[in-house]
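One chain is shown next in structure tokens, namely the form predicted on its own.
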């Protein structure tokens, strides 16, 4: 199959969307614009700066099944423990049987019903489509089938965390799913969201192409946790996040990645109001031939905005990780404060990291810094731990898990944090050697 044929094949597959049967005029117009933009842009190759270390040629040549409703779990499954307020998707399709209603002060629902009931969302969904340069985000816009809507009126606070579950089963073969998430937190609202992406043992070489749009109006606060956990190295997950923060709004986002053949997270945060704050953190724990690519950009558009980016990668085997980060201070955004940091701990000689933090500054009264460090376990630290009676394997575990723990401690929900800490501990135990 030629490159052009693979592009056409994948594009034709994702266009066969159930959602296009739903008639909503402004959404149809948005889809048409996204499809036109995608046809003009095409798929990325190595000449694209943000895709230099990964091109989706294997993905483009793959054939996928169309998602169909499937239920492999029950509402009482232990995996839902502690997640009373949840929306569940199986192979990208909304599962009302597994979902559970949210408190009345938050509109937490399946996306399509929300689009019909809230015509004002026309100004939110796909707002910056004309500036979108990621073809997979464009694909999601013209092909998304189901999704989640989270809306908080002014001054409201969600009574408990809201959980999004995305299960990929692949029971009929590799499946391509295109879920969409839209969150609108109006002035002074507060919410915590936990988005879980499970490939599972049946995920095969399926492909999840998800988009999340986050709107935080003046003084709103959004805490968002992405859990991308899979026990095997199959399938791909692309998550494109677009966040827009008004005056004194805050976004705290933590992403933990483990497993899958390919994971790519692209986050673009725009600090549109004075005093907006954005903290983006992440941890990848990779082994075998897994790859995790992080493409981050934060745009300081107003004075006094603050951004922090810290990502850590713990790699074993022949795994690969990329940190491609940009902080841009736009003209007039005086007194901006931006810091980027990437740290990488290599547990094998064959693991590789590509770290590219960048700054673009067009104002003269700012604080900005970036840094990157990559290496193996420090011999002096290993010696110190062994001198205290630890064997070599235990000493290496202590250093490796301690390296990861800084990011894990940022997960705000205690129960979720304990669950992920246990998962990471098991992974690190399997990765370290004596």
Partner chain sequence: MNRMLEIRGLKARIAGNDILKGVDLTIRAGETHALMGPNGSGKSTLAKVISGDPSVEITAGEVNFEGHNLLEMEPEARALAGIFLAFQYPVEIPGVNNAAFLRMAYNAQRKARGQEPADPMEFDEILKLKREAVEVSAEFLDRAVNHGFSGGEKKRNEVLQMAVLEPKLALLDETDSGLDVDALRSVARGVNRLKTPSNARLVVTHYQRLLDYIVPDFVHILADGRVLRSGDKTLALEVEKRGYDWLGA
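Positions refer to the first chain, counted from 1. Because the structure is predicted, anything quoted here is derived from the model rather than measured.
What follows is about the form predicted in complex with the partner chain, which we do not show.
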(request) Find out whether any non-hydrogen atom of residue 39 is located within 4.5 angstroms of the partner chain in the predicted complex, and reply yes or no. (result) no
(request) Tell me, yes or no, whether residue 369 is in contact with the partner chain in the predicted complex, where a contact means a heavy atom of each within 4.5 Å. (result) no
(request) Tell me, yes or no, whether residue 380 is in contact with the partner chain in the predicted complex, where a contact means a heavy atom of each within 4.5 Å. (result) yes
(message) I'd like to check something about residue 43: if you look in the predicted complex, is any of its heavy atoms closer than or equal to 4.5 Å to a heavy atom of the partner chain?
(response) no
(request) Go through 408, 60, 30, 399 and name the one with a heavy atom inside 4.5 Å of the partner chain in the predicted complex. (result) 399
(message) If the cut-off is 4.5 angstroms on heavy atoms, which of these, 384, 26, 53, 48, is the one near the partner chain in the predicted complex?
(response) 384
(message) Please pick out the stretch from 390 to 398, 31 to 39, 60 to 68, 369 to 377 that is in contact with the partner chain in the predicted complex, where contact means heavy atoms within 4.5 Å.
(response) 390 to 398
